[in-house]
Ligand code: GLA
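Encoded as structure tokens, the following chain is the form predicted on its own, with no partner shown.
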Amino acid sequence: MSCLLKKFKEYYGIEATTSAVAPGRLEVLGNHTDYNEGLVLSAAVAQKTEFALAPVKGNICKIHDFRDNSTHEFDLNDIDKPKGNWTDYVIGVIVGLKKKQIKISAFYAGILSDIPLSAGMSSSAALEVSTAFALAKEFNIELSKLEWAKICQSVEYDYLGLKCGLLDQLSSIYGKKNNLIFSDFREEKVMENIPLNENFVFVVANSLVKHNLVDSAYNQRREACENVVNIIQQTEKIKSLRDVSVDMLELYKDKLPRFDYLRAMHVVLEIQNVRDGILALKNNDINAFGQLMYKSHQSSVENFENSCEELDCLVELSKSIPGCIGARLSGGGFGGVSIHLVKKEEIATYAERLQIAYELQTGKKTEIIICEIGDGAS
């Protein structure tokens, strides 16, 4: 019996009838490309969220988070508007099902997670997906993996108003141990799983700068990308930034607002980084892959402006500490985590030296998380 199932029985006095787990994810290459019909390399991590439930009578659902011992209740007849707390990620899944004419009955639930919150490892998607998989099992709901991913995305896109892409949910569902996930967001599907050199592992350095993407510049960045497409579309046959090359973007530079041009350049370069990254991995050129991570971060700094001083410091320090071959911010940015591709035998030394150097340079602490690449939701 898992730790959560024991805690569930102790707390509610009844046994959970269903439980599901879903991992967090790391975006490895392809920053902000998903909502531009682009390409992304991501990874599901070993850190995960577990969701357990038992059906109850009536309309009141109760959820207890065993990490911080917070409890929230909601009425299934009153879920049209967000409640303003973490249960929105659970309620949003129910709302998404409701739109498909799929009804569920009341339940008691418990969650347990070791994914850091607000750190760019997508704790929100892991909660959505673990909720979805538990509801699917308990209430015999048969949908494809892609349909579940889209329902979970709708939690943030429609219910909470964050115009996010599908990356987090696909990564959480389609993860494969020791493999990166190559997703094409024009096709809206996972193309293949690509093995990562087993001698390397991702070290996550959390800047501990909290971001709340709903209130951040995320939606502004998306609007800038859409604006560039609208302007270029007046004379070129394109659907999205996926169809724009660096040369084409340069051609329209004078017709575009400066910041919109820079935002679009980041996305165009990132789509090419993913193509180059896949080639490097297939050629077993891990050093070339690491250099693409550095290149990606530089574009985040110069073009997309979604980095911050703390992340820049962590990435810069990685270049002077033995063992690391590439580093960049991961996820939405504006804080959160940097990811460092490090030789396995040097992990402990690297992590310690990075922490010490970062504190000496900034006076701040960083949280280090060793991220093995894990399987997807089940």
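Heads up: residue numbers just count along the shown sequence, starting at 1. In this text the structure is predicted, and so the values were computed from the model without any measurement.
Keep in mind that the form predicted in complex with the ligand is not shown, yet the notes after this line are about it.
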{"property": "Stretch in contact in the model of the complex with the ligand, which is absent here, among 158-166, 272-280, 99-107, 133-141 (heavy atoms within 4.5 Å)", "result": "158-166"}
{"property": "Single option in 42, 338, 31, 318 placed near the ligand in the model of the complex, where near means a heavy atom within 4.5 Å", "result": "31"}
{"property": "The ligand contact at residue 35 in the model of the complex, heavy atom, 4.5 Å", "result": "yes"}
{"property": "Residue contact check: residue 326 to the ligand in the model of the complex, 4.5 Å heavy atom", "result": "no"}
{"property": "Touches the ligand in the model of the complex: residue 218 (any heavy atom, 4.5 Å)", "result": "yes"}
{"property": "Contacts with the ligand in the model of the complex, stretch 328-352 (heavy atom within 4.5 Å)", "result": "331, 332"}
